[in-house]
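There is one chain below, alone, in structure tokens, taken in the form predicted alone.
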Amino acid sequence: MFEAKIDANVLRESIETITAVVDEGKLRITEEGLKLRAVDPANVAMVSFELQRDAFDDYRFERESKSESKSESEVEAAGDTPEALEAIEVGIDFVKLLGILGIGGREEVNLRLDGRAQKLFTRMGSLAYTISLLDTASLRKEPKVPELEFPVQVIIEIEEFRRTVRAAERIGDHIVLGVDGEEFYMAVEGEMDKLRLTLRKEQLIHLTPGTLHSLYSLDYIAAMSKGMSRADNITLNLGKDYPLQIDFEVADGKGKVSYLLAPRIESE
């Protein structure tokens, strides 16, 4: 059983962070809150999402009874973690849910899950919607988070980052993120034009000095920048020709999001 009430803006902000990478996925509902980890169809980007129950105005969760839940052997055979016994996993079309939230305006959202009927009931003021859940067996298995060690970390204000990405979209298809000594830079080069943002250590919230850079798809970076639009700042974890990990908070710090993006390896 799962029932909850949440501010519409908080829920909309949270769902936007997910749809920046995937359209659908398996949402895990637990006593502590909501969790999701999913990879895009091209296996280029991954999103990890957590929203604490404290982000909700009301949150009611009840585990399945032992007779209804999977046994430990069934969990192991299915490739699930033991924590799956203490969670409800549902398949959701997040693009559809986001569209419904857009129609509902700023009303508080009431959520109620009917696992047997495979429905998610939502109510916003006088508007009530019934969303059919997706078959979790038809969705991709939750990916494992790779073990990565990042030599450099940059914390930057979100508007500075998003402004540069918007400008870069007018010029090329790929963007370089790098650090040169005590400077962080973002650079893009097109057939005719170039763009480069350079920020010194004192212009950033934090910078680990170093010398490295990686090339990334600008389409993915642009989509992610829209998903993090309501954050105050973001943490960029970087390496040389290495995946990019972007961490930030949502819901006034009651939610955490992490994007992981594979690099484009430059030809010699």
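Here the structure is a predicted model, which means the values were calculated and not measured. From 1 onward, residues are counted along the sequence shown.
One more form of this protein, predicted together with a further copy of the same chain, exists but is not displayed; see below.
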Would you mind picking the one in 145, 117, 128, 137 that has a heavy atom within 4.5 Å of a further copy of the same chain in the predicted bound form?
128
Interface residue in the predicted bound form among 39, 199, 223, 215, criterion: non-hydrogen atom within 4.5 angstroms of a further copy of the same chain
199
With the partner left out here, check for me: in the predicted bound form, does some heavy atom of residue 193 sit within 4.5 Å of a further copy of the same chain?
yes
Residue-level question: is residue 174 within 4.5 Å of a further copy of the same chain in the predicted bound form, judged on heavy atoms?
no
With heavy atoms only and a cut-off of 4.5 Å, decide whether residue 43 touches a further copy of the same chain in the predicted bound form.
no
Taking the shortest heavy atom distance, is residue 99 within 4.5 Å of a further copy of the same chain in the predicted bound form?
yes
Among the candidate stretches 236-244, 199-207, 27-35, 48-56, which one is within 4.5 Å of a further copy of the same chain in the predicted bound form when only heavy atoms are counted?
199-207
Listed by sequence position, which residues of 230-263 have a non-hydrogen atom within 4.5 angstroms of a further copy of the same chain in the predicted bound form?
none
